[in-house]
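Quick setup: the structure tokens below cover two forms of a single protein chain, split into structure 1 and structure 2.
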Structure 1
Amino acid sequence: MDNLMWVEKYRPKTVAEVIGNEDAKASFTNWLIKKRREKAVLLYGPAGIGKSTLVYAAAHDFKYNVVEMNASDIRTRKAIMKMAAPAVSLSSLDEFSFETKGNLLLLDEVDGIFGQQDRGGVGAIVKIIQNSRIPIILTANNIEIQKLRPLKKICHLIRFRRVRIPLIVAFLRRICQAENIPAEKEALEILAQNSLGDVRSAINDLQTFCESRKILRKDDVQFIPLRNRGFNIYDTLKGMFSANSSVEAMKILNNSLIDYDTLLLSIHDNLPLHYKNPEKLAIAYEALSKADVFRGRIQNEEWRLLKYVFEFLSQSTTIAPGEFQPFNFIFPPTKRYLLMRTSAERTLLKTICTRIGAKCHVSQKTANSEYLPFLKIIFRKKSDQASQLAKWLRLDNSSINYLKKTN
């Protein structure tokens, strides 16, 4: 037991032990008891605040077996149906005993199923819910993704918020008492503040600092940097566009996990959705362009200019504070998405040009602009000359197919 991570060792076993989100807890248990008309419930909110923990605690209280599947790992329709369909269509043998009511299905992180790997994953989940004979619980950090709309229509939605700091402090103190580690109140408050409402992260931090100490003091933790938890691309965009001032938007930026280039491109894509007034949109793009200029000047050295990037980015999203109207954000950035889609093709092109350059003693750029167009013509004709060239350049089948199909 001593080798266990504290997040597991002190995971709440009952609903009463789960801290914070009292309204969400009551709504979920009410749904589970009364079996509302919705066959599934969708718990959503930031990571580390107790969504999955509540499911297991409620299953313990109401005598259910939990069948868990992480939807972000299993995305395709075929995989989801293979994993989840048997659990919801067949009765558990335990259901006929007095010790359990049967199974409930937990589909964790359903907001992770969108993207290039998703092939009908959401549709499969909808079908499973419609045909289910057991309670189904879904969890997500972000439910504003457009592909999740079909799930939102058929699920009972329950929102979870970040856990309040005093509750986290009290929980950390209980852990310290159980571990016989004296801890100063100020030290626990710093850890709780640093967690930004993420209980799991606060516990992990506590264990890290207590491993080599017999007592936890304020001086031990007061210089740890603020952890960037929960501020993913959606949280960052929503926080910046809904901010009431550039100062407030700047705080969001300081706690964001997103790299500066992705953030700049994302704001670029979403400005037209936020500003309907052409004059305000022009002012916003002017501020964004200045942020882009300073980002270019930074490169990898002049990081003292980063404050100007942040300043102009914050200005671009707060041209009209107080006028924010919710909209569906575009992410990942359009330009970044196109680059991701064509990355394999660009890698293949680079390989071909490298082979041409080595044989013809020219640069990759020259090979691309002056040699490659003629190679494509030759390979599309499927002549003997094409076979000889392929052998001479040592091109594999993927390179040959690329030259045959591209214009």
Structure 2
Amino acid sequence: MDNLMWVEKYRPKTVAEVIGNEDAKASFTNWLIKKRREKAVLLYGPAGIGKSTLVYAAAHDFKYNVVEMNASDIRTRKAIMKMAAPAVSLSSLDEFSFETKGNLLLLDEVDGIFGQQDRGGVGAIVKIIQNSRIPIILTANNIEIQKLRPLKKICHLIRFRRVRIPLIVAFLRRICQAENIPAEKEALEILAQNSLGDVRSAINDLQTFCESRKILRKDDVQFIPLRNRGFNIYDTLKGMFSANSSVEAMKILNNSLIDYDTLLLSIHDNLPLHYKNPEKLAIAYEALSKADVFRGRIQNEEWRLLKYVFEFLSQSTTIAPGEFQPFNFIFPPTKRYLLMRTSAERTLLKTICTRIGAKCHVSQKTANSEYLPFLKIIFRKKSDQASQLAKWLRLDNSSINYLKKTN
């Protein structure tokens, strides 16, 4: 079946196809194919740069069979032993097979497994590693957490970093070629820069912007909010309210970490504290309501409208330039509760994300932030592809309806 999400469709199958981290990749494959000094290796680094992908690609290249356990499978000692012990000891049987070199055990996202409460899990894994005859590979985003110390001691540590921008540009260009979408070089560069080296986000952004476009231009992507860096809510509000012009406020907005829904609500709450003059306040609310109108239209994926949202938001905070008096910002937004999900919805969401996680080998969090938005678009727009996907993910009717209906 044609996997619809580009991160799946273009997931590297071989080690050579995993872009970036050349030194780390070499160090990992060396460890895997040579006589291993450490029984386990811990690949660590930020999300979306190819750690899990590399493990599968290496297994493919060197003919290993991956037995994977991830956060949703295991937390307790018992569960780990039940799953891992057979995989680890089975290796002796497989060694005689020509088809495969045997098993390789992947413990994906170990920081997630033991993040909060550890019920003997780390100890169990240490034991398994010590007695294992097969290669064991662990991955994690953050290895600075206390719980992982015993693992760090016995693993060969390999750090992965964000992928360099020229390589991401090259990769995005090759996807566009495969998809038959001509793309301006600057457009791809903006997307790649914006990803800050997170390949998964870059591909997802590319897909979002290519959706319903025959050609990708620089102007199409210019107003995307920057990921992973920039101003927090306080700096954003302060910067926007104290800006001397709407252009200046726009710059802050472009570099804000806060999603524009939250920002819209927050600006709404804080306008009266900023403008004491009722007439100015009225003008500001007028601009804000226009931003809201355009925000509503974006729900039909008209991303080019984002620049109007930004423009009106920036206008609303700069009606009276030079009059800024510091005040205590109201945050979080007072109206938030209206938008909050019901608990039934949350349960449904969790189920869907677990399914995605299991199939796509990502955490629930990643499933939610990176995959779910695409699924929603597909479910609303492409019913034939949606039903294939639903089958693949084994979604029930309530999940399907949820994906179709919610924005």
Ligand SMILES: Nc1ncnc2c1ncn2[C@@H]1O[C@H](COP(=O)(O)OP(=O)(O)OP(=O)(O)O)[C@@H](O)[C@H]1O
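Only the largest set of C-alpha atoms that superpose within 1.5 Å between the two forms is called the rigid core. If you're wondering where the values come from, they're calculated on a predicted model, not measured in any experiment. Sequence positions of structure 1, starting at 1, serve as the residue numbers.
The first of the two standalone chains is derived from the form predicted on its own. Residue displacement note: I215 has its CA displaced by under 2 Å between structures 1 and 2 (rigid core superposed). When two forms of a protein are overlaid on their rigid core, residues whose CA moves 2 Å or more are considered shifted, and M250 is one of them between structures 1 and 2. Shown in the overlay between structures 1 and 2, fitted on the rigid core, is a CA shift at T14 smaller than 2 Å.
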